[in-house]
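Just one chain is shown here, as structure tokens, and it is the form predicted on its own.
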Amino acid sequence: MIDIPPYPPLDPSNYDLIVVGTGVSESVLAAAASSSGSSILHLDPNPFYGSHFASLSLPDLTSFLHSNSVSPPPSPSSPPLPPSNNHDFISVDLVNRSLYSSVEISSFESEILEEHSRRFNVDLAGPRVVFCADESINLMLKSGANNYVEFKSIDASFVGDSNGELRNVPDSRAAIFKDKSLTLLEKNQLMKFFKLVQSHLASSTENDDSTTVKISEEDMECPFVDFLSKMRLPPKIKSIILYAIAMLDYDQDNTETCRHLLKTKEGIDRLALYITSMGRFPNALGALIYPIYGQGELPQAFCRRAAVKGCIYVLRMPITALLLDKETGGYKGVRLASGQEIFSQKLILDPCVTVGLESLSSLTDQQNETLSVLVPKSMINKEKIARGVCVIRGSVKANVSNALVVYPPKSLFPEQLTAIRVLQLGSGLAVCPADMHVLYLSTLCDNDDQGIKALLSAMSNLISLPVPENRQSDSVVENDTSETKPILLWRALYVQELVKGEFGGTISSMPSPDGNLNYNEIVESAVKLYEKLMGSEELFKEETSPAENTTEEENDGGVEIED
């Protein structure tokens, strides 16, 4: 239970919008609504910004996962009571649901880690990077939030296999010709494919109906994996395109287990994001960048922009109840943990906030309708995401600090149904001490055991695990290569529920972090909700003055995010 500091009563007590949670979606929406002139109160029950997208020290990450992995016991069932100061309203108590399960945290070098524990900025929802052409970058430039965050490039991308080999992702003309693992025929095939994609994208952009080569409508509607086969690309090249460039999760060759069989038009859109990210910013090494000090800097950047526009922020302040009109059942406001009642026209809630089922039995149909988006529903899609964080001494690839590694489906063991992504980050990004790296791992799964096994398999392939490993299984692949693997110092394993956001008119809920590598769907959810709340009003109508943009030292390796 978070201790509530002795805040003075908030003034004013009426707002256009109350937002609870400072994740990426909530922060983008708060910044956009503030920019439009709306009065916003932005609350977070945590003592830090970012909610489920926060970057935390090792002790804080440990504390957060343990305290949010077990749902608190429900309070005794009782009918909603009217607030003491206004009998026109009733209050409905709120509860928090847990997003995390199977939390397992191990420290193997306690003394070293305790000495440096506050020098870590560890992401709660990793691995996640920013594509240079990501919609989050576009919104940062449009809103001016780019003034509050700095980025550096991801040095390289690799595709891994069960033998411990990490092969470079040939994502550009120069990379293709330098790649010694590709035969001359494979290089020519890959170059031919990328030329076709670029020609198609150019013709689509320019509305050119001339002789420019385009992909046919028939091919655009067929499965992407079939189109790649039609292009006579060998399995190795197909795997790189599908899982290391298009960043797909499920095995596209197995229609029985594949939950999302990608069409060619969707695949081309994913390639377009990657291709347009290459070279967008002059000092970015490739398509991917990452915020210095961790991904928690992204929501903070939008929060700072919102604060400039008048948004009021209060951390360590949960809401304990909703206030509903006794007669109409409509939403009126919230009760804070401090006991103060705050009113607003609309409310946006963190995905953890819900209402206890026992509270609904005594409500009217209209009151239940108002709360419908907060009622826990039996999820048809049981999909989860398993996440892992490792602190290691050494690097998974010699002379490479910041790198993305992708293990396509079945690349580690036959039962591997989904791709596993691994992101290594070094001290140059201010996420760990100089002689260490942080590894983030994730994979989609149906249940906790399946996800944890897949993560342990990737860990065993990349790093030296402590022996004996009490969770060894047949699916854990050992790498017998002679190259010395980095040593594991600390590890966290956990499984996160995937919760979709929902628009409910006056009360809406935001989604939990998804399983994607980028922020496009997270930002898209905020944009769609903003449009529903504000109508056709454009996001961030004001243009940022070029003079406001921060500049980097030429030799610090930072990436300038400017139009």
Partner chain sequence: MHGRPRNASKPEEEAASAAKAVQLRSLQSQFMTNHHDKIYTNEAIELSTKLLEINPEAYTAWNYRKLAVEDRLARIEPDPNLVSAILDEELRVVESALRQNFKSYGAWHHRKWVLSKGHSSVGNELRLLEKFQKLDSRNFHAWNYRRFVVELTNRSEQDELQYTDDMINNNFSNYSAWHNRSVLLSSLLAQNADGFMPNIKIPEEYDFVHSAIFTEPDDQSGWFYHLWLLDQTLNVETPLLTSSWPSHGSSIILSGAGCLSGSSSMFTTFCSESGSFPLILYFDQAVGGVSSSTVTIDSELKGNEGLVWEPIPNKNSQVSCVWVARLKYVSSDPCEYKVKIRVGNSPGIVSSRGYNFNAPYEFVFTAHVHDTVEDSQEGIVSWTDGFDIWDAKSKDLNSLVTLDRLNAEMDFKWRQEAIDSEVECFGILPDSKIGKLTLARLLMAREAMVSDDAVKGVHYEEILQLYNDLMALDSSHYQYYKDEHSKAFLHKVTSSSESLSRHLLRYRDMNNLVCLRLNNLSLSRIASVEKLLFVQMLDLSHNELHSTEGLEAMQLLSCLNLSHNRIRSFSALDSLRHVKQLKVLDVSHNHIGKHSVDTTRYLCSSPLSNSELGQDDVGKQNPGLVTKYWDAYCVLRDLNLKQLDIAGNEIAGEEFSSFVLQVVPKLVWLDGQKKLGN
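Numbering follows the first chain given and starts at 1. Just so we're clear, the structure is a prediction, and the values are computed from it rather than from any experiment.
The form predicted together with the partner chain is left out here; the points below concern that form.
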property	result
Contact segment among 298-306, 438-446, 247-255, 174-182, judged by heavy atoms lying within 4.5 Å of the partner chain in the model of the complex	174-182
Among the candidates 188, 229, 96, 364, the residue which, in the model of the complex, approaches the partner chain to within 4.5 Å (heavy atoms)	188
382, 195, 259, 118 - the one with a heavy atom within 4.5 Å of the partner chain in the model of the complex	195
